[in-house]
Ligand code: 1HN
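Listed next as C-alpha cells is one chain, alone, in the form predicted on its own.
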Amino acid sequence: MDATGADPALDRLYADFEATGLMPLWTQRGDLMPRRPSPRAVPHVWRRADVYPLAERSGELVPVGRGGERRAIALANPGLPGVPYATPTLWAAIQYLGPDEVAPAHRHSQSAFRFIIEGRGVWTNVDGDPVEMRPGDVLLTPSWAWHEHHNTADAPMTWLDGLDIPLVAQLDAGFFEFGPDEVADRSTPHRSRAERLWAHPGLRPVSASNAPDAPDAVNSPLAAYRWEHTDAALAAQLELAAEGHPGVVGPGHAAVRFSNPTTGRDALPTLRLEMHRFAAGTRAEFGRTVGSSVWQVFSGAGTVRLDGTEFEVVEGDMVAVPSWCPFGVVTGAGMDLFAFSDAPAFEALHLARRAAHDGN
C-alpha cells in the first residue's frame, strides 16, 4: 500500500499513528518478516597479533578489582556499533590475569565458559570448588554460580570468555551480585571436586541428590572438560575415519561436543561448545545456519571462508560467523578450532534451520 500519498486524510492518519505510538504493518512488513535472515552483525576476524599486545598493555595499566571486576576485552562486531558483542546473541572476550592477581567473586544470570588459551597457574573457584585452568581446557560457570579467579604463578594467563550476555540483555533477564572481597578458597588442587565426582565416562554417580529418579541438571555439573580427553577423542575419531567407520563426521574432520553428563544435551542451556580437528588438506563446508557462532584457532593454521570471502587464520585468531552466513574451512598442515554458538537457544525455540552453502 502507498503510505505517502497526497491525501491529507491519509497524512493525518499516519501522523496520528505516530503520536499515539502506533506503526502500521503495511509500511514495514519487509523489515519485520524478511524473506531470509538479514543480520546486522558481519563476518569478522580478530587477529591474535593485534589483540594480545593490547591485552598485555591493559595488564600494565588497568588494575583488577571491584568495579571493573575483570580485565576482559570484548570482541566488538563492526556491524553492531556501540555494543561489545561478537554477535547479537554472543559475547566473547580475551581475559588477562597477571601474576598474583585476584579477580573477585561475583555471580550473574548469564551463562559463561572459559576456554584456556595459554599459561598455567590460575584457578577459578566456582561455588566454592577450585578448578585448575590449563591450555585447551573448557571450564563452565553456569548461570548464578559464584566464581572468582586467582593467579598463583609469576606469569600472566589468558583465556577466551564466552557468555550469552546479549541474549539475556535482549530478554531483560539479567541479574548481578557481588561476592566477598576475599577469595573463599586459595587451594590449588589438580582435580576439582566436581571432576572427581563426574569425570568418569559413562558412569553417573548414585547419591541422594543424583539418584536414578532425581531430576536432571539443566547445567552440566562437571566443572572442567580437560584437553587430554578432548585431544584423545579427536585423535581416535580421525583414526576411525581413516578406517572408514560410519560414526564420525567425515574424512579428515573430527568433532566433539561438550555435553551435560546428566542428560547428554549441551553443557550449558544457551551455549553450544565444540572442538573440531581438521587433518592436513581437509575441506569442510558448514553451509548456512540460523544462529551465530564464534570460532578460535587453538592450534595450526588454515583458511576460513565467510560468505565467499577467504581469510587466512593462525593460532589465536578469532572468527565471528553471523546467522545464515555460509561458512567453510580449508586446512593446510592441519588445524584445531574451538567453537561456541547459540544453537541450544534456537533449537529450544524451534527456530533452528540449516541449508547447504548455496541455500537461500
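On a predicted model such as this, the values are computed, not experimentally measured, just so you know. When you see a residue number, it is the position in the sequence shown, counting from 1.
Heads up, the form predicted in complex with this ligand isn't pictured, but that's what we're talking about next.
Contact with this ligand in the predicted bound form, defined as a heavy atom within 4.5 Å, holds for exactly one of 276, 272, 150, 147, namely 147.
Contact annotation: of the candidates 161, 129, 137, 266, the single residue with a non-hydrogen atom within 4.5 angstroms of this ligand in the predicted bound form is 161. With the partner omitted here, the stretch from 103-111, 231-239, 249-257, 190-198 that lies within 4.5 Å of this ligand by heavy atoms in the predicted bound form is 103-111. In the predicted bound form, none of the heavy atoms of residue 47 sits within 4.5 Å of a heavy atom of this ligand.
Within this chain, residue 90 is remote from the site of this ligand in the predicted bound form, having no heavy atom within 4.5 Å. In the predicted bound form, residue 80 stays away from this ligand, with no heavy atom inside 4.5 Å. Although the partner is absent from this view, residue 168 stays clear of this ligand in the predicted bound form, with no non-hydrogen atom inside 4.5 angstroms.
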